[in-house]
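First, one chain by itself in structure tokens, the form predicted alone.
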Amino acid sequence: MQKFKIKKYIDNSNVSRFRFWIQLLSFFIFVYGGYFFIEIGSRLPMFSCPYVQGSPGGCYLIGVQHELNTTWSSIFSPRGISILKSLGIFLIFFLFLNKAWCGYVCPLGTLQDWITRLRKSLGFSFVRYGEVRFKKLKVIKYLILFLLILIPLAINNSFFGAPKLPHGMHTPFCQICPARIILPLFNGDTSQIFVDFTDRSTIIMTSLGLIVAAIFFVGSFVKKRFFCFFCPMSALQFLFSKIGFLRLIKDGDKCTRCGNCSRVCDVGITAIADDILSKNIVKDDCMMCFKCVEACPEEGALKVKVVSFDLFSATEEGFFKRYGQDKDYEGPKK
């Protein structure tokens, strides 16, 4: 009986408010935690940027770019074991939260949500991508992921007789990542706002970094989770999402395709409503915020599970408790 009461309480809870406080705590830890001697690791599956002086850890992407900046012969040597070890550490972190690292922990994702709150408070509407453009955008994050792997390799290795790339592109994604420029600002550090004139390649890459940071702010103001559509970390996470302990499950037989779930989705995933065949409903743009589960009025149609344990389920009672009684709570709107 006590177990049933706890489950009912969770199913009727306002997970979005819980998420807000988790995001706030996570932002504090991953921007200022180093000042409090917190050390988490350097292979994290989200943007914990080592360029932030107070960061207690590092993003896996910067590590893998450094590791791949070597020769083929070195990769197929004991150094290759180190690369695989780094991937293993990344996967261990990733397994526990799956893509919820994006929705609950990533400082850059949290910053985008705060910008959305600012836009709403100012009364500006946001834009959504059409279905055709939405599908085309999916390709970009995978292309960026491919390039951040290929470019470091191409600095020390010639592909098909082509000249090697300049060393100034040694960490190509970090050089253009908005986290490198924006997150240090929360520590009063403006040292990353610069153009490096060492050589032509660094001039180009650091200039692109400033441009991308500016686009990040503008894009995040007019589009929810704007940068997440282009994030290579999101692409990398999706490749391993099926083995994550945390899962978003759909029972298509219980779905009435009302569309509530897709309307509340910050990245506008329509498949969450339209796909009634897939059990695992996590898509490559999903950040596992679980707004869709909150907005679903059908008993058990959507569930959050930890492996096989039912953690949070859609219920009719929970739906009306969240959207029917709380006037300040943003419900699914057409």
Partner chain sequence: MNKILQNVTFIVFLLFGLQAISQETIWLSNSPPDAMKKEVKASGMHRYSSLISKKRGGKTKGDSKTKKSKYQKNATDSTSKKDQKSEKKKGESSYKRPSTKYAHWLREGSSIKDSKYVSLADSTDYQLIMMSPEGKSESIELVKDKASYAKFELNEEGYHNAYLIIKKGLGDTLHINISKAELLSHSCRNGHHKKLEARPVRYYPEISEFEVIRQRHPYEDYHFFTSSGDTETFKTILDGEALEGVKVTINTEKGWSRTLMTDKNGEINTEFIQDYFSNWKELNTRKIYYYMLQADYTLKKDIHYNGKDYKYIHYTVTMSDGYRPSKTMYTSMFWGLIIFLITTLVSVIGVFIYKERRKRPYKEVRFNESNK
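Residue numbers count along the first chain shown, from 1. Fair warning: this is a prediction, and the values are worked out from it, not measured in the lab.
Form predicted together with its partner chain: not shown, discussed below.
S.K.: Against its partner chain in the model of the complex, would K242 count as a contact residue? Criterion: heavy atoms within 4.5 Å.
M.R.: No, K242 is distant from the partner.
S.K.: Spell out, yes or no, whether the shortest heavy atom distance between H66 and its partner chain in the model of the complex is within 4.5 Å.
M.R.: Residue-level check for H66: yes, a contact with its partner chain.
S.K.: Any chance F159 has a heavy atom within 4.5 Å of its partner chain in the model of the complex?
M.R.: No - in the model of the complex, heavy atoms of F159 and its partner chain never come within 4.5 Å of each other.
S.K.: Using a 4.5 Å heavy atom cut-off, state whether N280 contacts its partner chain in the model of the complex.
M.R.: No - in the model of the complex, heavy atoms of N280 and its partner chain never come within 4.5 Å of each other.
S.K.: At 4.5 Å between heavy atoms, only one of the stretches 22-30, 45-53, 304-312, 281-289 reaches its partner chain in the model of the complex; which one is it?
M.R.: Of the options given, it is 45-53.
S.K.: Taking its partner chain in the model of the complex as the reference, which of L97, L210, A235, I151 has a non-hydrogen atom within 4.5 Å?
M.R.: Of the candidates L97, L210, A235, I151, L210 is the one lying within 4.5 Å of its partner chain in the model of the complex.
S.K.: If the cut-off is 4.5 angstroms on heavy atoms, which of these, I203, L91, L84, L143, is the one near its partner chain in the model of the complex?
M.R.: Contact check passes for I203.
S.K.: At a 4.5 angstroms cut-off on non-hydrogen atoms, which residues of 174-200 are near its partner chain in the model of the complex? List them in order.
M.R.: Counting only heavy atoms within 4.5 Å of its partner chain in the model of the complex, the contacting residues of 174-200 are T190, I193, F194, V195, D196, F197, T198.
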